[in-house]
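Only one chain is included here, represented as structure tokens and corresponding to the form predicted on its own.
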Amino acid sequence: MKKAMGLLLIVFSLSLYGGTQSSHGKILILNSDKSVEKYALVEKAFRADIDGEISTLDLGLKFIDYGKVAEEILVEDPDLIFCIGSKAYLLAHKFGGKRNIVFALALNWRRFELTDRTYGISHELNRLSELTMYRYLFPGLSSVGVVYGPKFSEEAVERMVEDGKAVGVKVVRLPITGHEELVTALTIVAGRTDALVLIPDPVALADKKSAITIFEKLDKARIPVFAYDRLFFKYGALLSISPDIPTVGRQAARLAKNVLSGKKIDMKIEYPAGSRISLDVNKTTEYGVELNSMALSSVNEIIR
């Protein structure tokens, strides 16, 4: 009975978002969960910026039967699958065959198996731009720490070290293999750096417990945390620089159109083109962090 209900909901969702065929080709949107605001926003922006026949499959539906996802992909037979979130990408990769895939808002995408038909918008911003903004906001900043699992983030952190040299910020690398090494790494961050840059690494941020450990340990040492999503303010982040969600949707639409039109794609995985900066000014005072007041005009959201 549940499988039947799941298939019915899938078919309803697909029919609800049908469109008109165009030269752009047929697109199936796999949304990991449309009840998540940012997932819904990126889909809305994507759909507004692209023509063609577009169907949507909401993977967050309560009774969805994942065993039917492959069948629905075959029924829809899209030229391209747009995946919103990690769950959507993993299912598209498993059941999508040789179809083109574009993804967005997929954390830890470097863990994915990618093919020559995989394209996407990284959830991570350009680190050089981020480090430049850190220095602009906080003139006294000279060093930052980054805790990560080498298996997933070594290459990205190595690039971050080089980017730091370009803007005069020393990046202290602290590789760990599990939670048991996290506290030791945080002790080094507290003693040797001016801030921690939080990255979406599955080892450093393995679960909620890891996040709580990071923020509690560094709060005691009055070491600020620069995060990649404003949700970390509830734990105690001082700053968040995150992708601008509507811009990500429009950027993914442009990438999808280029893929479908057969254009040469020079960069298969792009950095987000826009960002949103949020700052807790009370915490800058609490931690004694020097803040460039002239830079506040660059901040989208000031938390007091």
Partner chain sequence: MKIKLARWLSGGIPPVLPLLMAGTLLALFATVALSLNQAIYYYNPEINVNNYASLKVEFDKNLRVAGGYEFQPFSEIDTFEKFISEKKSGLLLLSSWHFTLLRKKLAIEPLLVGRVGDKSTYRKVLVGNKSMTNLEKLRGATIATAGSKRFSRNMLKAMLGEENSDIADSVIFLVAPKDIDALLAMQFGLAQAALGSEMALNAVGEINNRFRDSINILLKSDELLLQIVAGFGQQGLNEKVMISIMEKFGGSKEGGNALQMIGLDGFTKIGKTEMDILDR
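Values in this document were obtained by computation on a predicted structure and should not be read as measured data. Numbering follows the first chain given and starts at 1.
One more form of this protein, predicted together with the partner chain, exists but is not displayed; see below.
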| property | result |
| --- | --- |
| Three-residue site T187, G236 and D280 fully in contact with the partner chain in the predicted bound form at 4.5 Å by heavy atom | no |
| Position in contact with the partner chain when the complex is considered in the predicted bound form, options S210, T132, N100, S86, heavy atoms within 4.5 Å | T132 |
| Listed residue (K34, K68, K26, R250) with a non-hydrogen atom within 4.5 angstroms of the partner chain in the predicted bound form | R250 |
| Among 70-78, 86-94, 155-163, 100-108, the region lying within 4.5 Å of the partner chain in the predicted bound form by heavy atom distance | 155-163 |
| E53: touches the partner chain in the predicted bound form, heavy atom cutoff 4.5 angstroms | no |
| Heavy atom of N126 within 4.5 Å of the partner chain in the predicted bound form | yes |
| Non-hydrogen atom contact G60 with the partner chain in the predicted bound form at 4.5 angstroms | no |
| Contact label in the predicted bound form: L205 to the partner chain, heavy atom within 4.5 Å | no |
| Partner contacts in the predicted bound form for 257-293 (non-hydrogen atom within 4.5 angstroms of the partner chain) | K263, M267, E270, Y271, P272, A273, G274, S275, R276, I277, S293 |
